[in-house]
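Heads up, the chain below is alone and in the form predicted on its own; it's given as structure tokens.
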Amino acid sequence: MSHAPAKPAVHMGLPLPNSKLGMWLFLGTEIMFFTAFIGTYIVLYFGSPGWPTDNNITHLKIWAGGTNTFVLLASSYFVVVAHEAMAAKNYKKAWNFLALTMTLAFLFLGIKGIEYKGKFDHHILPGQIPETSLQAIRQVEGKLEGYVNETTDRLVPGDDPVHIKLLNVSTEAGETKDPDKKRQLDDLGLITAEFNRFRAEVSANTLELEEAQQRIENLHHLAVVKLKDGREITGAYFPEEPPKDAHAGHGEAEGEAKHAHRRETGDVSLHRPEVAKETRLILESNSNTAEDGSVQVSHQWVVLSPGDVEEVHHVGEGVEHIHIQSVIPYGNLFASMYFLMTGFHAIHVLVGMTLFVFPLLRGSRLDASWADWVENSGLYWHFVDLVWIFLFPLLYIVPGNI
């Protein structure tokens, strides 16, 4: 009795493992995910005249992005070597190259962390970038107000609101027996007075960005200078030779700097006069109450020789961290897109690292059962690398060149 040969079983579907098919389908959705981000960035870039393109302003480090590109390319190569080693049943070699891949992944995130720190240090963050001069001035006004309020709340005891405590700063300074606290309260009073003048000019819309920058610089140099003749002068003190200014007068005689004298200038808040070397300059402020009750402030430069100065107490050291931030048109959009794209990419790097952790934990017990896992994890890692290949030129190189 003859029997017909059994027909081979028919396998439906594509000729590849389900795990690999699932990974390819997943990567297809990921491609659409990042394509949306990249397309949005391109539309915003070409549709926003004045989009920030200077890496010195946006604090993008091409060396960091370029280094990370080579790091990911090398890691992708190591993944390929690890996959080939798995196929050749050389599991020790595969483990070693997976470990190298993990090391480069940590290096990538470390470099990216350095870049992120630079953004945070320079406040290149969504919602924190002034896009007009007025925004920059208002922003530094808010920082000064925050400093004054915080310092007042710390130095003046009680549960009263800060604006009530501010009225009691001078009273508290006169009553305290602690000389250090008295000095701090006196300093707070001087900084508060300068801040109130700054805020009044901002509210009156009479302050331009350049002048506001000089006011903040003067505030950084605020000091109480005690002269050997017993007088005290409070103002912006510049102990080093001031920079030459095209708007200042020329040809000052060196003999003038040997004795303290006053000189009226046109726009003293902006332009320091040119004086002889080894002199000291202080911008003295004087307040006068007009008949209508308004306070009028006049300024005058005082030129001192080193022998005139007995003691200098620097008041503005507490606010030296406060600066006017650079105006960056469309800066908040740029920062939003930068952190959105690089942030999601970093998350994908972490996911890839997590995939590599499991075979690495096997150690010497890594075997053929992990071959598909290593291959599919490698596919995912190549995708992560490919995304960065697009992000690096788009964010770091293209701006300013197209």
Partner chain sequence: MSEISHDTGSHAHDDTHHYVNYFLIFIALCICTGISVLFDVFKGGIPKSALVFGVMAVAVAKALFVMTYFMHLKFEGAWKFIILAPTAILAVGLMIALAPDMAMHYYTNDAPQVKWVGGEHAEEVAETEHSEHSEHQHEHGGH
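Numbering follows the first chain given and starts at 1. Whichever C-alpha set is largest while still superposing within 1.5 Å between the two forms counts as the rigid core. Just so it is clear, the model here is predicted, and its values are computed rather than measured.
There is another form of this protein, the form predicted together with its partner chain, and it is not shown here; the text below is about that form.
- Under a 4.5 angstroms non-hydrogen atom cutoff, its partner chain in the predicted complex has residue 132 among its neighbouring residues.
- Contact check for residue 192: no non-hydrogen atom falls within 4.5 Å of its partner chain in the predicted complex.
- Its partner chain is not drawn, but in the predicted complex it has no heavy atom within 4.5 Å of residue 217.
- The closest non-hydrogen atom of residue 358 lies beyond 4.5 Å of its partner chain in the predicted complex.
- Not one of 59, 120 and 308 comes within 4.5 Å of its partner chain in the predicted complex, counting any heavy atom.
- For its partner chain in the predicted complex, the listed stretch (151 to 159, 106 to 114, 81 to 89, 173 to 181) containing residues with heavy atoms inside 4.5 Å is 81 to 89.
- Taking its partner chain as it sits in the predicted complex, the stretch 56 to 70 comes within 4.5 angstroms of it through a non-hydrogen atom at 62, 66, 69, 70.
- Annotation: Cα of residue 338 displaced by less than 2 Å between this form and the one not shown, core superposition.
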